[in-house]
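Before any questions on how it binds or moves, here is one chain, the form predicted alone, in structure tokens.
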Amino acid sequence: MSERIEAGVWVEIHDIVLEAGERAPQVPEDTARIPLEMRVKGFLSEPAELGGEAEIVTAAGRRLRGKLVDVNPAYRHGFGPPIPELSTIGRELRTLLGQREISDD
């Protein structure tokens, strides 16, 4: 038996928006061969089981339905490693602006 998740819990749903044969004709061939999927996070609107159909309310207030795939899903994206050339730019700019204000006086 699957785990029952209570309403109001932060979850993620998954659904197929368009099957492979339903994609727009102008998309590249390799894209057209795969379905268009959605993964959306939101608050569960009513109790549901993990792996079952569920409805969520997103942070923007949209109501969407799909298969409940995760509970309290983590964000797994990042912005990559720091760029050394950019790490000192704020301090350098403040220095330049400070010098300019002094020379304008």
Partner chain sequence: MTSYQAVMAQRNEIMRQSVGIDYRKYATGVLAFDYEALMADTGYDLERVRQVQQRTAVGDTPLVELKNLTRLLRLFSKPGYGARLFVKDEAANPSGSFKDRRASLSVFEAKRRGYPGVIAATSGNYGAAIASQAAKAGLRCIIVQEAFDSRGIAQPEIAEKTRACEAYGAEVMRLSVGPELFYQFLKLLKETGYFNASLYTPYSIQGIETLGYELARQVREQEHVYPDAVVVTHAGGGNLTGTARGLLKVGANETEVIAASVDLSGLHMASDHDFNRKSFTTGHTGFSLPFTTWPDRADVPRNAARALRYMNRFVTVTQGEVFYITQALAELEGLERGPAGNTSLAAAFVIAQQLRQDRIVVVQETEYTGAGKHPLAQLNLAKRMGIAISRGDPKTSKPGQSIVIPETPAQLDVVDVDLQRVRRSYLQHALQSEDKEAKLTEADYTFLAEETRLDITNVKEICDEFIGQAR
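The structure presented is a predicted model; accordingly, all values stated were derived computationally and were not measured. Between two forms, the rigid core is the largest collection of C-alphas that superpose within 1.5 Å. Positions refer to the first chain, counted from 1.
The form predicted in complex with the partner chain is left out here; the points below concern that form.
Open item on the list: Using a 4.5 angstroms cut-off on non-hydrogen atoms, would Glu37 count as touching the partner chain in the predicted complex?
Closed with: Glu37: yes, in contact with the partner chain in the predicted complex.
TODO: Mark Val71 yes when one of its heavy atoms lies within 4.5 Å of a heavy atom of the partner chain in the predicted complex, and no otherwise.
DONE: It does not: once the partner chain is placed as it appears in the predicted complex, Val71 has no heavy atom within 4.5 Å of it.
Open item on the list: Test of understanding: in the predicted complex, would Lys67 fall inside 4.5 Å of the partner chain by heavy atoms?
Closed with: No, Lys67 is distant from the partner.
Task: Contact test in the predicted complex: Ser2 vs the partner chain, heavy atoms, 4.5 Å - done: Outside the cut-off, so no.
Task: Residues in 16 to 48 with any heavy atom within 4.5 Å of the partner chain in the predicted complex - done: Contacts from 16 to 48: Val17, Leu18, Glu22, Arg23, Ala24, Pro25, Gln26, Val27, Pro28, Asp30, Thr31, Ile34, Pro35, Leu36, Glu37, Met38, Arg39, Val40, Lys41.
Open item on the list: Tell me whether Arg94 is among the residues that move between this form and the one not shown (Cα shift of 2 angstroms or more, core superposed).
Closed with: Comparing forms between this form and the one not shown, the Arg94 CA shifts at least 2 Å.
Task: Core-aligned C-alpha movement of Val17 between this form and the one not shown, 2 Å or more - done: After core superposition, the C-alpha of Val17 moves less than 2 Å between this form and the one not shown.
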